[in-house]
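Here you get one chain, nothing else, as structure tokens; it is the form predicted on its own.
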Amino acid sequence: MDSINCLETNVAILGGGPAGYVAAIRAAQLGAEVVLIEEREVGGVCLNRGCIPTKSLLKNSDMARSIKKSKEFGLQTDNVQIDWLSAWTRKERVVKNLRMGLEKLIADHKITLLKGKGIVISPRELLVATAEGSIKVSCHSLLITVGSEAAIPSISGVDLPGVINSDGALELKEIPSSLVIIGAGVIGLEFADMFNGVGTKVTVLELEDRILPGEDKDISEELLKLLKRRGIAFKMGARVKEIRETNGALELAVSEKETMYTAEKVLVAVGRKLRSATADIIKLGIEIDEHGAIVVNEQMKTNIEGVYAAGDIIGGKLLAHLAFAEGRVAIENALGMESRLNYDAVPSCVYTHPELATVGINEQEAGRRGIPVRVGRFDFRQNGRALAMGERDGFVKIVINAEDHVLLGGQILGAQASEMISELTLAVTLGVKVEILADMIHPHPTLSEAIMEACGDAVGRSIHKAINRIN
């Protein structure tokens, strides 16, 4: 029997994704000894199989789309060819460079990185199976950040060759001629946009009655219209009953009138499943809710003394930047600091073209909470920079408390929305009154002026809007 090496540390972190590695670095900054345990690559899904590789390929798709409309800008670009293998290679290079940089950061902070499968033995002990042998880790505090994985629906034929999840889509080295995507959430829409931009015939099937059902209704309806205009087909209320192989293609049977859809590839993008149902976590006695999320309080503490959890595993919005913040808060509390998060000030982004970015609460959520609101809106077709860029689609929408004019939330659909949303995130975080943003001098011409104008519109004082009223 192999001997087991032992290691003692202040903090053990199970999972090296966004929540785990940020927590490890923050713990090291605070002077703690840290052991970080990761079964696969540091950076987790986001860096290796999610956020970064998808944005890399989306850039290739965006470049192809820009070249197709280059005549508008006086450029002749006939007979342009798309080399998807080169795009794929570039994506791999981007991911590798970032991962190497992260590994160096971990080493520079003198964090002990154990690459292997970690099993929780008790609140103070883990057993890690590495390539060099088993290591028992003893700790004062344990942080669980094991994340999530792609959910696989119970559809007959979902295991057929050619039926892929997001991981498989990122490994495609050739552009599929046709693609059916099951799910119109963030993942489904980004891949729909990506492959549509390089010439794939894309159809999206969604069980709900609209895309992005958790987002503001005006925003999701406008994005749907723009994606349809680009040639992406959508079918709402579509429940896929079966996938079968027919004459070298994949055929999908949808419940409504047995409608059939045929494609070269099928991408299953119905969401993600939390990785809490492992025997060691269950045996530990950690409280888990009906959605499979580990239950934590505001300090990210579980019901087990000294055990914390952060990131996707605690449910809610499965966002890498939220996981960053939760990991930081969890470790700060574990090391004796008082730290909290404002969950109403968490931005979220969808990297379609145009982009969608939101923060705070939207008009529908305000209604559910019984908050009286005013709404401001400004369209990018009235923005000088947007017209100069050839990016006139979309708008900014602002939601404020009707009584005190404090900004409650904002939604942006348009070019560079993911970059602009931070102005609204700061305002929501600080509880700023909308007049502050309406009066703040924005550089001209910029896309961000649309935020200023939407804020002004909420209180009846937008300058460049033809109809300017108080809601």
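In case it trips you up, residue 1 is the first one in the sequence shown, and so on. All of these numbers come straight from a predicted model, not from anything done at the bench.
Below: the form predicted together with nicotinamide-adenine-dinucleotide (NAD), not depicted.
- Query: Can we say A366, R374 and G431 each have a non-hydrogen atom within 4.5 Å of nicotinamide-adenine-dinucleotide (NAD) in the model of the complex?
  - Reply: The answer is no; none of A366, R374 and G431 reaches nicotinamide-adenine-dinucleotide (NAD).
- Task: Indicate whether Y351 is a 4.5 Å heavy atom neighbour of nicotinamide-adenine-dinucleotide (NAD) in the model of the complex.
- Result: Flag for Y351 set to yes.
- Is P123 one of the residues lying within 4.5 Å of nicotinamide-adenine-dinucleotide (NAD) in the model of the complex, judged by heavy atom distances? No.
- Could you confirm whether G185 comes within 4.5 Å of nicotinamide-adenine-dinucleotide (NAD) in the model of the complex, counting heavy atoms only? G185: contacts nicotinamide-adenine-dinucleotide (NAD) in the model of the complex.
- Message: Is it the case that G315, even though its partner is missing from this view, gets within 4.5 Å of nicotinamide-adenine-dinucleotide (NAD) in the model of the complex, heavy atoms only?
- Response: Taking the distances in the model of the complex, the answer for G315 is no, it never comes within 4.5 Å of nicotinamide-adenine-dinucleotide (NAD).
- So which stretch, 393-401, 225-233, 205-213, 259-267, is the one near nicotinamide-adenine-dinucleotide (NAD) in the model of the complex (non-hydrogen atoms, 4.5 Å)? Of the options given, it is 205-213.
- If you check H405, H442, K55, R65 against nicotinamide-adenine-dinucleotide (NAD) in the model of the complex, which one has a heavy atom within 4.5 Å? It is K55 that has a heavy atom within 4.5 Å of the partner.
- Message: If the cut-off is 4.5 angstroms on heavy atoms, which of these, I175, L335, L319, L341, is the one near nicotinamide-adenine-dinucleotide (NAD) in the model of the complex?
- Response: Flagged contact: L319.
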